[in-house]
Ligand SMILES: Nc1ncnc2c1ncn2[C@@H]1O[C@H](COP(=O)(O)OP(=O)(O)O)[C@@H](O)[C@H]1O
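Consider the single chain below, provided in structure tokens and representing the form predicted alone.
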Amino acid sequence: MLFLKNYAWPWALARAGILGMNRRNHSYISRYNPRRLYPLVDDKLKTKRIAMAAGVAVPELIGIIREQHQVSRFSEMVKDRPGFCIKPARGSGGRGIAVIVRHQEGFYYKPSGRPETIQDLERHISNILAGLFSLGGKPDTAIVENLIHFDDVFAGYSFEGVPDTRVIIFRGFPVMAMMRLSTAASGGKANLHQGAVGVGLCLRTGRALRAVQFNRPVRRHPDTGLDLHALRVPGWDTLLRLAASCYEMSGLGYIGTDLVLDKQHGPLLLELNARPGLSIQIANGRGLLPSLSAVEEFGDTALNVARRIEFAQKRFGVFEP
């Protein structure tokens, strides 16, 4: 079992099969992800549209706000929605996402219970349009989506946020997966660098292998106390099929697929990432390189989704915690 310290010799990382940023960028992202396709995943609205065209399930779209003069229509857009989510189309790292779980008597409540006024939300949307949260600070579009109600099996595993599953897909093959659980330290966000918990998942069963926070092993959720090693994702094969099918949908060879399990609609695709981070290796306690090399050596990308998953589960899916 790999344990990453704050500092490690390069030879030790190489022996452990750790994929570094330079090699990821040069050997995988640049080689397998055509630049012309980046806009399809850097813009969440474009991702949603190609997903819907491909029959891939996504959260329901309530509305789109592109111009400042449309902001005044927002209250009418959500008046019949008890909960919703506002996202910048070209945001990254969870920045600019505002989740509202209920509204009453003129106030809109976040998962923390903090109330917001319609003026607060309109100001937030204006900031999105101005590019405050977008890549490169360019003017952006605000997306309003239906609120996700995550499956009850995950109750207590996440603090004020929706638990999501990241699956790395290489040439259509799932090669590594983890669940990201928000904490008080992460401010309800699912970003590991902000303090969320990462739980490595077995590709064969969807069960937890180990868990980390701030790159250190943890056994229990820091806020709820639940045993993280007891976590298991229901409907795992369905979720993997959804993730693997994003290869054909996007045309990208090396992607991170972020999915959530909704209690009513099942697995939904939240977004795609053409430059997925490397912390998934820490959550799983092993490096990505052996799995990536095995897919390259296998070479057959003409297999259908089911056969690719079967290959991945047999080769990469049995790891003891």
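Everything quoted here is computed from the prediction, not taken from an experiment. The first residue of the shown sequence is 1; numbering continues from there.
The discussion below concerns the form predicted together with the ligand, not included here.
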Q: Look up in the predicted bound form whether G91 has a non-hydrogen atom within 4.5 angstroms of the ligand, and give yes or no.
A: yes
Q: Classify R275 as contacting or not contacting the ligand in the predicted bound form by the rule of any non-hydrogen atom within 4.5 angstroms, answering yes or no.
A: no
Q: May I ask you to state whether I97 is within 4.5 Å of the ligand in the predicted bound form, using heavy atom distances?
A: yes
Q) How about D43: is it within 4.5 Å of the ligand in the predicted bound form, going by heavy atoms? A) no
Q | One residue of I169, A190, V199, I128 in contact with the ligand, assessed in the predicted bound form (non-hydrogen atom, 4.5 angstroms) | A | A190
(Q) Going by heavy atom distances of 4.5 angstroms or less, which of V78, M249, C85, V71 would be at the interface with the ligand in the predicted bound form? (A) C85
Q) Out of the stretches listed (142-150, 215-223, 228-236, 113-121), which one is close to the ligand in the predicted bound form, meaning heavy atoms within 4.5 Å? A) 142-150
Q.
At 4.5 Å, heavy atom to heavy atom, what parts of 151-181 sit next to the ligand in the predicted bound form? List them in sequence order, or say none.
A. V162, D164
